[in-house]
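Coming up is one lone chain in structure tokens, specifically the form predicted on its own.
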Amino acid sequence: MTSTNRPLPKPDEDSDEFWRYCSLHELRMQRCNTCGHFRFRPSVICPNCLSTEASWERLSGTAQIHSFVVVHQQMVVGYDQVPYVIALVDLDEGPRMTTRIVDCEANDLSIGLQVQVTFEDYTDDISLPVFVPSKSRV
């Protein structure tokens, strides 16, 4: 496990299942049982059709970088290892999420780069999904 003084997520009633799956190193998101829309961030009601019926579906964890920024100055307590990369990634199944890109040089990143989810373990209950460049770069 990684020791940190970073602010960590505080799971709530809506997000508890998401974080539980992350602690198992599974990227899962709610999928509406009525219209098929993925709900990310987890919620009680589908933003697409207002249904309350959903199931947790395991995702492939593969994505493309939509946008990214390299942070060169510490802006948040605990994020003192600069530079670090914050990115928007488009998951192959459709949802877009904000994450960090790790284990690569910022100069090696580009829009459209294929990335794969991995997890950083902080506590027994909190593992953060982060992304690394895919081994088979397209």
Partner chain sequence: MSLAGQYAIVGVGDTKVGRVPEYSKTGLALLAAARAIDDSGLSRDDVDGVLTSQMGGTFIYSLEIATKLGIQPRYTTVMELGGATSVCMAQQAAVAIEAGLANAVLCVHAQKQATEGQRPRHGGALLRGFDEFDRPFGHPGATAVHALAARRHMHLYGSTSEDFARIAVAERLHASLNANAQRREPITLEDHQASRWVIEPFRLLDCCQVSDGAGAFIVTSAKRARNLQKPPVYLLGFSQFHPHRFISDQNADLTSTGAVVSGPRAFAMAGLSPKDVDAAELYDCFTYVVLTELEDYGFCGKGEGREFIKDGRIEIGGSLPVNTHGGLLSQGHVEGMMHVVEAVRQLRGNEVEPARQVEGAKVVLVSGHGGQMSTHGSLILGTERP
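Residue numbers count along the first chain shown, from 1. These numbers come from a predicted model, not from an experiment.
As for the form predicted in complex with its partner chain, it is not shown, yet the points below apply to it.
- Shown alone here, residue 41 lies within 4.5 Å of its partner chain in the predicted bound form, counting heavy atoms only.
- In the predicted bound form, at least one heavy atom of residue 73 sits within 4.5 Å of its partner chain.
- Its partner chain is not shown here, but in the predicted bound form it comes within 4.5 Å of a heavy atom of residue 98.
- Interface residue remark: residue 66 is counted as part of the site for its partner chain in the predicted bound form, having a heavy atom within 4.5 Å.
- With respect to its partner chain in the predicted bound form, the three residues 15, 79 and 111 uniformly fall within 4.5 angstroms at the level of their nearest heavy atom.
- Applying a 4.5 Å heavy atom cutoff to its partner chain in the predicted bound form picks out 9, 10, 11, 12, 15, 18, 19 from 9-26, in order along the sequence.
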